[in-house]
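A lone chain, given as structure tokens: the form predicted alone.
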Amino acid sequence: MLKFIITRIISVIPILFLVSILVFLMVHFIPGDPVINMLGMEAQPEAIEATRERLGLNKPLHIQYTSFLINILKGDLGTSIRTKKPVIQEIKDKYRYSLILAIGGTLVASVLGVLMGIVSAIKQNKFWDNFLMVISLLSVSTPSFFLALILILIFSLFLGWFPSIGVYSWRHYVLPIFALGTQSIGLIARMTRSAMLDTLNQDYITTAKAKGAPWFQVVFSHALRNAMIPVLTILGLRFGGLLAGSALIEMVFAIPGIGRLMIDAVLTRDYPVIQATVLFISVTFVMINLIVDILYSIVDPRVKC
């Protein structure tokens, strides 16, 4: 078990290195000059060149990347061109909001999606199976920002149950979390249904039924555990996707998360913030997949072989 975990951690290192290169190059290929955006179009050429030299933007790309990588290893993500604040502090202030949304959306999607998939598999080709698959299709097909507007219209304006903007209490998170997680419900439900159908047709399930094992034990102890490998894959990918894709939801509900921070940075060509946010989200995505790989070995010991 320990050897498997160490091997997976070592394999992540070159991936993170490649991610840092891609993030650095991607940001520098964005059209526009961050110095002109910061100083204004009427700034004097001397001031522009002095600022570019102070920020190190006049150096060759390979030197800029080396400094970028060394600073990352030191825990220094630079200073925001727009706000003049340390980027690491900006991320600390914003990241928790996006993390709450991603965790909440993943929990809602996993609980409802897995339950829907189990019911659909048990009631295969019956009314509840067809009904739940139609619901899952609708959830997958509905854009999160459009659903967010519908939720605000119904539950904020008409019913007044939940606030529509800000994050001042747990009630402010209900609508954003549901809007963010709904699209994943259908994906998880369909994957769970497919995996459960494959598992329920296995010989050991038939044997467990023949021995008189309780229905709950057959479904949840035998079938579901062996069907969890593909479901865990979807859960890991969706968590990373929800974390990276929360920007629209944050804009609709006026939540000061990392997605909104990244959009503001792109609009103002704030290179340090763009690099840091994209890199931070990418690293989180990679680490989540590492955790999923480790969970594989817990759910199914054969993965370690």
Partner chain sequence: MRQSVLKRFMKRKIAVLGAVIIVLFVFMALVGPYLCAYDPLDIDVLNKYQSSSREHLLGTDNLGRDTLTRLVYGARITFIISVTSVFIGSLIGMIFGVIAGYFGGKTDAVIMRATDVLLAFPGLLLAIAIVAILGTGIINTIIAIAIFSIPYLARIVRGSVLTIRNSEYIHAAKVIGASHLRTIIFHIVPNSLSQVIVNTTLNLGTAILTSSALSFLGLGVQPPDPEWGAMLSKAREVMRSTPIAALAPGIAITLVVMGFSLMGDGLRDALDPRSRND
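Residue numbers count along the first chain shown, from 1. Every value quoted in this text rests on a predicted model; they were computed, and no experiment measured them.
Keep in mind the form predicted together with the partner chain is missing from the figure; the text below concerns it.
Using a 4.5 Å cutoff between non-hydrogen atoms, residue 69 does not count as a contact of the partner chain in the predicted bound form.
Interface residue remark: residue 63 is not counted as part of the site for the partner chain in the predicted bound form, having no heavy atom within 4.5 Å. Taking non-hydrogen atoms only, residue 142 approaches the partner chain to within 4.5 angstroms in the predicted bound form. In the predicted bound form, the partner chain sits within 4.5 Å of a heavy atom belonging to residue 19.
The contact with the partner chain in the predicted bound form, taken as any heavy atom within 4.5 Å, belongs to 137 out of 111, 88, 103, 137. This chain appears without its partner; in the predicted bound form, the one residue of 107, 149, 115, 99 with a heavy atom within 4.5 Å of the partner chain is 149. The three residues 15, 267 and 281 all sit with a heavy atom within 4.5 Å of the partner chain in the predicted bound form.
Along 258-292, these residues reach a heavy atom to within 4.5 Å of the partner chain in the predicted bound form: 262, 263, 266, 267, 271, 274, 278, 281, 282, 285, 286.
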